[in-house]
Ligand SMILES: Cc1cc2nc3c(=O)[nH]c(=O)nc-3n(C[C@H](O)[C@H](O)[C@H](O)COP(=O)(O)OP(=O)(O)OC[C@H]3O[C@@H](n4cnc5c(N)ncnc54)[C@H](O)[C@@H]3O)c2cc1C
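In structure tokens, one chain follows: the form predicted on its own.
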Amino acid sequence: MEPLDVVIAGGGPGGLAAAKILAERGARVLVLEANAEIGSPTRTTGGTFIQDAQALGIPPRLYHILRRGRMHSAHRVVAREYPTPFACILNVRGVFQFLAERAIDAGVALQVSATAREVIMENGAARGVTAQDARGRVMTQRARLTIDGTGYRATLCKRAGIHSGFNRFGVGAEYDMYAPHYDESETVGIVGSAFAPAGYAWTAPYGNHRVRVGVGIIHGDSTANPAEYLDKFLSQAEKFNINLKGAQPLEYHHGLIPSDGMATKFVGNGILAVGDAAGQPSALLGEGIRWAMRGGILAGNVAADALQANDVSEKFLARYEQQWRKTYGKNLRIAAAINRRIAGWNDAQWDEGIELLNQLNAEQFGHALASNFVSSWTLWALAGNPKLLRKSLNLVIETLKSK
């Protein structure tokens, strides 16, 4: 195949966001997607925040606004109303395909059912990939620059020796249900040993009577199978005032998301990683789409600069990693540290944690869920809550000092 400027392994939000930027800046780009359809099978619930969706150009038709949220532990509950909503649930397949359409409009070539297997390494630098299509045919695609958007597997990063992969994963099992009586303005989370040891269960409506009902468990901290807890949660949802009367599953989803935090390194000579492959999701709730898109935008711009300078060395591409860590690093390190801490909580500790969350007002609660820790709201919340300050300060300070 004719050499290109950029080959991207993975048609997820990070790879597609980078592809669009690069094509707009004149690069010849090919995206290889392993699955037969962009955005399918669905492997994520799609929870995110309205402000981020708007900033990233996601049209309102592709997200469902939430006005209430509840979180339950074994014996406690925290509930918040949002007259001015801040959270939403994405139409995941719709968003991924919208991003693909946008990239194609910019001039990107896209091939589905094409799985990147190996990275071509020459003199210590990536020079493209070998891939296999649905018929088993192997193809070689050379490129000046390679982007790893292969998700939690980080296939190309591991092959190129950029990083060795991840050890902790959020493992999720979820039904996408038609639920005609569910309150579509509300999302509910459940923590504790009964339904989600080392994780949480959830309900997430995304419009037209469709609700995602799932369980996620951190593997690395627990060996529990979320699928076994999912049916239990479904059968007992009424205990939490979750109305699933008449509901039936139309889809079953399962997926993994890295929960280690950022990879130690995610650039090399001729190669960089975006999204899950770089460890860019927030480990707090296992939320990755908006972070992947942000990573793709940063990566796309630095990669375009590198191509224009005819310098795709690790030294040049490191600007991307440096910008990411400077802009998002502290918040993501805190999110990962909190996740590691709370994954080991027992039911009594979760009850106490819910009591602490109850001391936050609606705005503060929203900032915390969004992994927005390094801002003025944090000092405001802690100053007004001595108990919260006492429990939180050491964790935050230790994390900010970490590298």
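Just count from 1 along the sequence shown to find any residue number. These figures come from a predicted structure and were not determined experimentally.
As for the form predicted in complex with this ligand, it is not shown, yet the points below apply to it.
Residue 22 falls outside the set of residues with a heavy atom inside 4.5 Å of this ligand in the predicted bound form. Contact annotation: residue 299 falls outside 4.5 Å of this ligand in the predicted bound form, judged by heavy atom distances. When this ligand is considered in the predicted bound form, residue 295 lies well away from it, no heavy atom lying within 4.5 Å.
Taking the partner from the other structure, this ligand in the predicted bound form has a heavy atom within 4.5 Å of a heavy atom of residue 43. Listed residues 193, 115, 269, 331 were compared with this ligand in the predicted bound form; 115 is the one with a heavy atom within 4.5 Å. Out of the listed residues 257, 177, 95, 262, 257 is the one that sits within 4.5 Å of this ligand in the predicted bound form by at least one heavy atom. Only one segment in the set 318-326, 231-239, 71-79, 278-286 has any non-hydrogen atom within 4.5 angstroms of this ligand in the predicted bound form, and it is 278-286. In sequence order, 32, 33, 34, 35, 43, 44, 45, 46, 47 are the residues of 28-61 having a heavy atom within 4.5 Å of this ligand in the predicted bound form; the partner itself is omitted from this view.
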